[in-house]
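Before any questions on how it binds or moves, here is one chain, the form predicted on its own, in structure tokens.
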């Protein structure tokens, strides 16, 4: 098992393997996005309270889920790189930050677009909204810290430490609507008994969530490949790869 893990974590092996997966991941993401958007924006019924404005959840909710998921993945990869000094894990942590920041910004913007007609304001200092904004700052802090330190191995360790410290914000975001009296609505999908949402509305939402996750993997593979080439530019396998591309 450990031999398989070390083989998969090898930069040249990952580079070749990810190159095979990228086209398939892109195609699957596109198909799921089309199905999810059609189901959510066209096929799903109109909400009896919020009318058509509720349809923004098909972007907002999966983006908010991804903002938390990617941060946890980034912190986990950073911890693996910090403990076992695995280059690929360090690279995954660093490359996850811009993608996670994009999803967090998307969640904040779409939340504001929904909040204006529902709450009468683009922004309120609600507990969940404030914690989500802090999450964006954490992502930006990780990105800035990595750029600021010239030695990329040292920068990766600093990024891992910052990401792990920032993990304290994740349960705050998740449980904020239960711990405090906030404007943000409580959970409707992740309830223990059953989701408080019509299945015709729920299914497209779940499809969009899967699409966003696969998009994350697709975008991550693209970014990691570029970062690996930069980090490993003086190694033999990169030189051979460049030689092969010139001959082709």
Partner chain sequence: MMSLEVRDLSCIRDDRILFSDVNINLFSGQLLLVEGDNGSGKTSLLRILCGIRLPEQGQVTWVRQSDDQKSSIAVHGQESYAGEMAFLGHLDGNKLDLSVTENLEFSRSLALGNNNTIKDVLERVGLEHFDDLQVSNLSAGQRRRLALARLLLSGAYLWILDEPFTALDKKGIAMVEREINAQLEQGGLVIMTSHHSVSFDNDKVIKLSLSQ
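Numbering follows the first chain given and starts at 1. Treat the numbers as computed from the prediction; the structure is a model and nothing was measured.
There is also a form predicted in complex with the partner chain; it is not shown, and the following applies to it.
* To do: Spell out, yes or no, whether the shortest heavy atom distance between residue 128 and the partner chain in the model of the complex is within 4.5 Å.
  => Residue 128: no contact with the partner chain in the model of the complex.
* Give a yes/no on whether residue 16 approaches the partner chain to within 4.5 Å in the model of the complex, heavy atoms considered. => No, residue 16 sits far enough from the partner chain in the model of the complex that none of its heavy atoms falls within 4.5 Å.
* Asked: Does any residue in 73-88 get within 4.5 Å of the partner chain in the model of the complex, counting heavy atoms only, and if so which ones?
  -> If the 4.5 Å heavy-atom criterion is applied to the partner chain in the model of the complex, 73-88 yields 85, 87.
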